Ligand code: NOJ
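There is one chain below, alone, in structure tokens, taken in the form predicted on its own.
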Amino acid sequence: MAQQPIAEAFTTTKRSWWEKSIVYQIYPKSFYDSNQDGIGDLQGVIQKLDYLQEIGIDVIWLSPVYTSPMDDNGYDISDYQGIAEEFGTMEDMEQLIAEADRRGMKLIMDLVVNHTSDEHPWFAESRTNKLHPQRDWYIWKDRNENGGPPNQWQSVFGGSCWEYEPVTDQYYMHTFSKKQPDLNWENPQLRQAVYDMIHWWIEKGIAGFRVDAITFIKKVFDAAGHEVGVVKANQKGVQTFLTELSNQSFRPYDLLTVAEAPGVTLEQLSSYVGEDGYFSMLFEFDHVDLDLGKDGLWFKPKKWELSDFKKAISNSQKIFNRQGWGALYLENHDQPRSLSKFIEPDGIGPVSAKMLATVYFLLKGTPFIYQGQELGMTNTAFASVESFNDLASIDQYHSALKEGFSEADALTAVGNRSRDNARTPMQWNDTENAGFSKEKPWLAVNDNYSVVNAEHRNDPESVFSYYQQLIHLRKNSDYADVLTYGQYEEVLENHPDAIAYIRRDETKSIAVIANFKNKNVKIDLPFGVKNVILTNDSVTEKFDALKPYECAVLELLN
């Protein structure tokens, strides 16, 4: 019914190399320990490049390995042009870039420029006195009329976002940890220093960046600052900074840039990404934060329905039909494992893992795989608050206790959402510590490593093998073009238990159907089926019912 717009979109859109890429995120601390000290490292990544090539990966997103005191696992950077000793050396980094390139893979790194560590030389200089040239590289404010913080803004990690410094009798601002002072993007010298650092890494051979918390860089200090609340992202005026950042650092190069951009609305989405946007793509949160409670309280999760998930997916996909590009993901280092979030406990397994993979992987956009997702890794169990490493998890736990939760209930509630779920060591085999290290890992290995591990990947029924098939479909099959560039069309939008959509261009129409529930469901498909391309089970020829967590990719009759 809309063949002309579909054909037009298919033939006139400018193509970029990253549109047909598959991205794999590595959390280096938990990936593979090459020197057996309990911490993953760059040589560990190098040793596993053949594994990534085996999956079919084009781009590696490497979480921070910069020099850092590790207050927030490397997102508190003390030297942007240095490598943390626990991860290796700059020579290791250069070797990783070269070895990845030799295998046809590109490397992107985290770009963390909303804040630095309080141990960064810039901040060390800034805090010395009010007249220092770098004082204004950070955000300093006087005490309020009562001698307290400048306003009542709260840190994302809990507590005031202001930290008092007696040496100069002022407060500095930190959106996150007090050891992560915010940079002052109003200062042009600071911005230029950031751009110089970005160019330095590009010259090293980096192919792009995942841009961390970038919509926090604009602060608006007005009457609203007296309200109690978490620091707000995407404030008016941030677009000026993002335009300059893009023009100075990204546009001169053929980069992949994906932004973590809290606060960006659906109406703004198309202006932030794509050919005329600030970034190649950005991570959206609506579909992964469906369970997030009011004010971001993990221990007061919100009940959600499949209709909420479907609406979140469709809202952005329909925008990408017209303009921009999507970053497709269900997991990353800041999210719990998707199997444990979206699937009922008694339904977690290879079938449901394959279903989730199919649903998100064949949407319009670039798929991101988080380490271990291709194996079906799940949330872990936390024995006590001491089991947490993540700052946000610890803060949420103590907040739950203040709200009257018992220690056991607080541990369970926060544990379900903890970022540490994604940070447990990669499960390579069924030997001690899951083959991650011979030493005790920095974070405990999930107890299910004997069953869920990479040694099973050669089994044609494994989750790993299924991801390979999905990647083949997107990159090398007769359906690659339609699955990359085809328009998105929602189907069965009112079905309470199933999800379905069509990817369509002027030559082919491909449907994805999936049962999101641990029960048999009936469906009534409004199209004719020409061919079954892929399934995680055995779909009946009538296509009128699906078994628990069953899914299929279908070629339709035109």
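In case it trips you up, residue 1 is the first one in the sequence shown, and so on. Being a predicted model, the structure only gives us computed values, none of them experimental.
Beyond what is shown, the protein has a form predicted in complex with 1-deoxynojirimycin (NOJ); the following relates to that form.
Between 1-deoxynojirimycin (NOJ) and the residues 351, 269, 112, 452, the one pair within 4.5 Å by heavy atoms in the predicted bound form involves 112.
419 is the sole member of 318, 475, 300, 419 with a non-hydrogen atom lying within 4.5 angstroms of 1-deoxynojirimycin (NOJ) in the predicted bound form.
Listed stretches are 175 to 183, 400 to 408, 135 to 143, 251 to 259; the contact stretch with 1-deoxynojirimycin (NOJ) in the predicted bound form is 175 to 183, by a heavy atom cutoff of 4.5 Å. Shown alone here, residue 209 lies farther than 4.5 Å from 1-deoxynojirimycin (NOJ) in the predicted bound form, counting heavy atoms only.
Mapping the unseen interface onto this chain, residue 333 counts among the residues with a heavy atom inside 4.5 Å of 1-deoxynojirimycin (NOJ) in the predicted bound form. Looking at residue 72, you'd find a heavy atom of it within 4.5 angstroms of 1-deoxynojirimycin (NOJ) in the predicted bound form. In the predicted bound form, residue 213 approaches 1-deoxynojirimycin (NOJ) with a heavy atom inside 4.5 Å.
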